[in-house]
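Below you'll find only one chain, the form predicted on its own, shown as structure tokens.
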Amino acid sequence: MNSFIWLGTLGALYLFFIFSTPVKAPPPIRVEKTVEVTKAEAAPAEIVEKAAEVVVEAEPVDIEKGKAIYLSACIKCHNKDPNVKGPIGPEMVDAPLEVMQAKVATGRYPEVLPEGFVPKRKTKQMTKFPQYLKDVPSIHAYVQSIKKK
């Protein structure tokens, strides 16, 4: 009988802790679109829409913070060593900052890839991590700091 009381008490404490802990909302992501009008003389103006850009107010680069985030969140799919393929994700040393920002924000590659960048795997999906969007420059700096030449 005492074991049921202890089990019930522990369960109640666990539920109290889970539901009483406030959840911090992820930082807002601002998406900017630019519209360009061409052929101004023509009667119906042709409107060309450029690709949306993800704009984030980044914090100063902190390699130690980038390392901590990489080792806590990224190594679930990528390798502990960013120079080596992980169980799901590719090596990250050659990923440009723009690609990292797009993948962390949306889980997908940007519509237009940077010149010279070729995805390493056929799967192009990734789990989104919008809570780390402002820290991507720090993660990128950490990955680049241990890049093998």
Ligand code: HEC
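Owing to the predicted nature of the structure, the values given are computational and were not obtained by experimental measurement. Note that residue numbering follows the sequence shown and begins at 1.
Only in words, not in the display: the form predicted in complex with the ligand, which the text now covers.
Contact check for K80: every heavy atom lies farther than 4.5 Å from the ligand in the predicted bound form. For the chain shown alone, I88 is a contact residue for the ligand in the predicted bound form, at least one non-hydrogen atom being within 4.5 angstroms. Though the partner is left out of this view, K67 does not reach within 4.5 Å of the ligand in the predicted bound form, counting heavy atoms only. None of the heavy atoms of A141 is located within 4.5 Å of the ligand in the predicted bound form. Counting a residue when any of its non-hydrogen atoms is within 4.5 Å of the ligand in the predicted bound form, the hits in 128-147 run F129, Y132, I139.
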